[in-house]
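In C-alpha cells, one chain follows: the form predicted on its own.
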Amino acid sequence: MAERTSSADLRRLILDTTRHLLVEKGYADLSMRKIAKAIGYSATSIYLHFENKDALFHALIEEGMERLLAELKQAEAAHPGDPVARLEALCQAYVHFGLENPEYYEIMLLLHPAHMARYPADKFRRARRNLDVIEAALIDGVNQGVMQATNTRVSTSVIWAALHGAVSLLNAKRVDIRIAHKDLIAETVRHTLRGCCPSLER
C-alpha cells in the first residue's frame, strides 16, 4: 500500500483515521503507534507529516474550522444586502455543519484534552474568522437600524452559545424524542434572531 500511496494521500489517510480514533477512543488513549497500526504504515511514516499527536490534533481542528468557514462564507455571499436574512442563513449553515460533521465538531469544540499543547495563536486567530463572519452581519444590521446589540462581540458569542448548545444536544442524542430535530433547530434560530432583531414578531 505504501508504494501506491502519494504523500498527499497518506497525509489525508492519517488525518481521517486520527479523526475517527480521537472520537472513538479519546485523546489519552491515542498514540502514533495506534494510528500507524490502523492505517497499515510504520509510525515513522506518520512522523514525516506530523511531529506528534498534538500536531495531528491541531491540524484536525484547523481543517474543521476552515470547512466551517467555507460554509459560512457561502451563506454570507447569498445575502450581501440583507443582514437579517444573512444572519439567519449563517445560523442555519452553522447548525448544518455541526450536524453533518459530528466528528470534526467534537474535535473542534468539545474535545479538550488536559495535557494537550496549547492551540497556536495564529491558528486561533484564523479560527476566530468564523465568529467574525457572524459579527459582521450583526454590525451591518446595527448600522442599518434593523438589529440591536450593545456589544456586537458579546452578542456574537451569545448567538454561538445558542447554536452550539443545539448542535451538541442533537449530536449527543440528548433531546427529548418527542421533539423533532427540525423543530428544535428552527426554534433555536428564531429565538436567536429575535434576540437581536426587534422588528421581528415575538
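Fair warning: this is a prediction, and the values are worked out from it, not measured in the lab. One-based numbering along the sequence shown. So that the term is clear: the rigid core is the largest set of C-alpha atoms that superpose within 1.5 Å between two forms.
The next section is about a form of this same protein that is not shown, the form predicted together with a further copy of the same chain.
With heavy atoms only and a cut-off of 4.5 Å, decide whether residue 194 touches a further copy of the same chain in the model of the complex.
Answer yes; at least one heavy atom of residue 194 falls within 4.5 Å of a further copy of the same chain in the model of the complex.
So, residue 11 and a further copy of the same chain: in the model of the complex, are they within 4.5 Å at any heavy atom pair?
Although a further copy of the same chain is absent here, residue 11 would stay clear of it in the model of the complex, with no heavy atoms inside 4.5 Å.
In the model of the complex, does residue 166 have a heavy atom within 4.5 Å of a further copy of the same chain?
Taking the distances in the model of the complex, the answer for residue 166 is yes, it comes within 4.5 Å of a further copy of the same chain.
Does a further copy of the same chain come within 4.5 Å of any heavy atom of residue 160 in the model of the complex?
Yes, residue 160 lies within 4.5 Å of a further copy of the same chain in the model of the complex.
Honest question, do 67, 89 and 133 all end up within 4.5 Å of a further copy of the same chain in the model of the complex by heavy atom distance?
Per the other structure, none of 67, 89 and 133 touch a further copy of the same chain.
Using a 4.5 Å cut-off on heavy atoms, which residues of 109-126 contact a further copy of the same chain in the model of the complex?
Contacts from 109-126: 109, 110, 111, 112, 113, 114, 115, 116, 124.
Is residue 23 displaced by at least 2 Å at its C-alpha between the shown form and the other one when the rigid core is overlaid?
It does shift by 2 Å or more.
Given a core-based superposition, decide whether the C-alpha of residue 50 shifts by 2 Å or more between the shown form and the other one.
Residue 50 C-alpha, core-superposed: shift of 2 Å or more.
After superposing the rigid core, is the C-alpha displacement of residue 78 2 Å or more between the shown form and the other one?
Where the cores coincide, residue 78 shows only a C-alpha shift between the shown form and the other one that is less than 2 Å.
Regarding residue 119 and residue 153, go with closer or farther for their CA spacing in the model of the complex versus this form, the difference being 3 Å or more.
Relative to the shown form, the pair is farther apart.
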